[in-house]
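Form predicted alone, single chain, as structure tokens, below.
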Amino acid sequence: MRVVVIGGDAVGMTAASQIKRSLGDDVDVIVIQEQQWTSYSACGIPYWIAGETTGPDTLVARSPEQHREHGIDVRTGMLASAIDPDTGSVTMQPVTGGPATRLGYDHLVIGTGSRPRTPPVDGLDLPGVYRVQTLDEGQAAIDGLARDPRTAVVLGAGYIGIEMAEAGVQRGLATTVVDLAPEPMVSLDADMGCLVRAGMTERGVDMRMGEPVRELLAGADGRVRAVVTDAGEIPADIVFLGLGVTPRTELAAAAGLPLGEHGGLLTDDHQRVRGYGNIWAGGDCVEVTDRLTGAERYLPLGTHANKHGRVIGVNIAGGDLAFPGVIGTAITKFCDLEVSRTGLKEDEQDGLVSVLIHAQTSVGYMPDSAVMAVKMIAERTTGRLMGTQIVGGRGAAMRIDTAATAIWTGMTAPELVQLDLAYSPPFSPVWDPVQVAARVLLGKLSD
């Protein structure tokens, strides 16, 4: 049996490794990978740029050479240029140009990932403007910092935007964040996004929310010198793009594979592309099912990509494993400000009730106790938990996992209040903040 994998990161290499471990010499696994790297942490790139970790080798979990030692035929520097489901083949060629090669497959795994969102703004390709999705792009940004910039502008106030703003601050740059949205982190409700904006402002970032970017201007040396918004020019020696991503599915679309309304590939719960018994896909190029609403969402996260790869690998090897869907759990930070969320926002479904409470991360008399805000959302009729958002100091954000587990398992607010959680003064008040939020929510539910 031959399995061809397009993409050598989380989905592709997880699936390839699982298949090879399970089937050994009974399967040939060929991976087509554009970059020289495999199995690397794109999520770590902002922290590498910030100087908090070294790179790029430290961000690589397993190199192409290590995968080859385990029997996987990894072909780096190769671009998949066509898929033919009718003949069961993929056409590939060197990224530098050269003759094309056609590979037949018994099973095809598509892990093409995503590409940065690029709005129609003049100047985004100027020298000094950096995307940060790949290790090569991360290295380019590191090289740009070596030019000793003084001012940085981050376009976008989502997860990557916030992390790149932290990198700017950590590097000692006067940092500005620009976004069209009224508050950062549109995956949060506005009242929680407002707390993120306030926290970043307090920590020295100029937050320009609700300001559409019109163009980027070049200086006499041809490099970027300013970002222009409706409010005027913002000096910029260096610009980081954190405008989000879109699924990279052009190859799949050209092959006639089904795409959803967000542009991602549509799969069943076993990660088979719908309508095709031997084509599989996962990660940032697919849409996922929301467990709470049943709707298809585009939610590009490394946690899902690795799970998709495992599901695909198990199933190609003869197993029967389903991906159970998502509830949108995510986490990030800006310096010592932590942000996390899971489940629905309050306006995503009718019949929801919410509360917003403030508490301490640990007992107030402990020296490192910090303030945290918890917003909790539930169904009014059933009390079932549907969403939680957290913004606060150190020790706040990982509490989202308690809420995520409660939502995943269908717990109600009364059940969360009674949950047996750990207590010790350095770690938590005697009532954990998520339980405090659930207690306050009980009052709303009984109104």
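Note that the structure is a prediction, hence the values are computed from the model and not measured. Numbers follow the displayed sequence, beginning with 1.
Keep in mind the form predicted together with another copy of the chain is missing from the figure; the text below concerns it.
Task: Any non-hydrogen atom of Q36 within 4.5 angstroms of another copy of the chain in the model of the complex - done: Outside the cut-off, so no.
TODO: Indicate whether H67 is a 4.5 Å heavy atom neighbour of another copy of the chain in the model of the complex.
DONE: No, H67 is distant from the partner.
- [ ] Classify G172 as contacting or not contacting another copy of the chain in the model of the complex by the rule of any non-hydrogen atom within 4.5 angstroms, answering yes or no.
- [x] G172: no contact with another copy of the chain in the model of the complex.
- [ ] May I ask you to check whether R115 falls inside a 4.5 Å heavy atom distance of another copy of the chain in the model of the complex?
- [x] R115: no contact with another copy of the chain in the model of the complex.
Task: One stretch from 138 to 146, 319 to 327, 222 to 230, 121 to 129 that, in the model of the complex, holds residues within 4.5 Å of another copy of the chain by heavy atom - done: After filtering at 4.5 Å, what remains is 319 to 327.
Open item on the list: With another copy of the chain taken in the model of the complex, which residues across 95 to 120 come within 4.5 angstroms through any non-hydrogen atom?
Closed with: Heavy-atom contacts within 4.5 Å come from no residue here.
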